[in-house]
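The chain below stands alone and is given in structure tokens; this is the form predicted on its own.
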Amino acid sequence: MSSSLTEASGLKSLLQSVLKPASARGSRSSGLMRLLGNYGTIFALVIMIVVFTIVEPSTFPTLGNIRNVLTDMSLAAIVAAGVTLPLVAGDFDLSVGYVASFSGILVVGLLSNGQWPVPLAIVTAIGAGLLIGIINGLVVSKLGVNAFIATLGTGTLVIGLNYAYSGGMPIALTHSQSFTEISLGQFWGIPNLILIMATALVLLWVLLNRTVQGQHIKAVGKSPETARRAGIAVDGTRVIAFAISGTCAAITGVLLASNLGSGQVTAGDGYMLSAFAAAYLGSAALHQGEFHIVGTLIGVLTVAVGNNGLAILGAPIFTQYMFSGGLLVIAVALGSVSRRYAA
């Protein structure tokens, strides 16, 4: 009996000695994953800033370059912030890049070919984006089509509209040169694009965090069925999220056309990838895997700083695409890790 007790006691001590370090290692690993999930994007941004500052101290950290980074990221920030709302609601909007291209070609066409007044042409182009967003929301919510498929299909239709309207050719701005001042002008020494970006981000942050509609969007994203039982109009809320996304994409397209001084058939297509990269990077900043406007801004800034630093270093253009694609993969991974440990 004494021998059995001794053996049992020895086995218990052995198990404790083995399990304690494993538990500690698991705890440390879990803590590291939570840390990366909450602050991974911020760490990456700080590291890039430090590295580029050390490598190019006379160019990268200058006030002029900081202004260039903010100006260059302004359009991507607007479309990415718009994409964030459907993501918060649990949906995807893959049509934003095509909507931006169509809105840009449309506004220049109305100005050059139709000789419309600048305000009316801008409102019409943005209204087209709003309408496309509403259609996306109705197809997803009322017809029950998966958002990924629905918005990809709608985006393809928009490409068709783009080519039908432009004939597949760029449209030059022949008059109404004041249109270009919208994006190229300044106010008190601050570029208009930065001011427009800041205004859009503040408005969307207030909508999402300080209004009833914003709370409804968050509730739908967490659990549509629970939101429905709470009396929230789930379908209407999803339509509103898509409508805002389409509107932001159209605003981006109009500003891009103003900046270029022409309407380009595929000018805004690339914003889809950058928008999702920024939103997913932002989900790994501060909010444990949740999509939010401040996080999206941090994500856009991370992409912009990386591209700017690579350009200053004279890296080939293909490295920027590889950088953006790699960031998207890392961002999705970080967001998934963050959501897993938050749960």
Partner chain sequence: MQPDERNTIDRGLTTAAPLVTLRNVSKLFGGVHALDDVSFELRRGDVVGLVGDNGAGKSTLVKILSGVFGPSSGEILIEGERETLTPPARAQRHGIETVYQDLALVSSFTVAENFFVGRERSWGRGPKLFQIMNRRSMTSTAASALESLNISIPHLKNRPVERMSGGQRQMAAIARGAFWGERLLLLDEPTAALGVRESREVLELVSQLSQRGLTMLMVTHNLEHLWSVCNRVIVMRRGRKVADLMSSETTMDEVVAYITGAKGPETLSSE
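These numbers come from a predicted model, not from an experiment. Numbering follows the first chain given and starts at 1.
A second form of this protein, the form predicted together with the partner chain, is not displayed here; the remarks below concern that form.
Although the partner is absent from this view, residue 190 stays clear of the partner chain in the predicted bound form, with no non-hydrogen atom inside 4.5 angstroms. For the chain shown alone, residue 212 is a contact residue for the partner chain in the predicted bound form, at least one non-hydrogen atom being within 4.5 angstroms.
The partner chain is not shown here, and in the predicted bound form it never comes within 4.5 Å of any heavy atom of residue 181. Contact between residue 115 and the partner chain in the predicted bound form is not found at the 4.5 Å heavy atom cutoff. In terms of contact with the partner chain in the predicted bound form, the residue from 232, 273, 260, 195 that brings a heavy atom within 4.5 Å is 232. The contact residue chosen from 177, 199, 146, 223 relative to the partner chain in the predicted bound form is 223, the criterion being a non-hydrogen atom within 4.5 angstroms. Only one of 117 to 125, 212 to 220, 164 to 172, 146 to 154 lies within 4.5 Å of the partner chain in the predicted bound form by heavy atoms, and it is 212 to 220. Heavy atoms of no residue among 279, 292 and 305 are located within 4.5 Å of the partner chain in the predicted bound form. Taking the partner chain as positioned in the predicted bound form, the residues of 237 to 275 that bring a heavy atom within 4.5 Å of it are, in sequence order, 240, 244.
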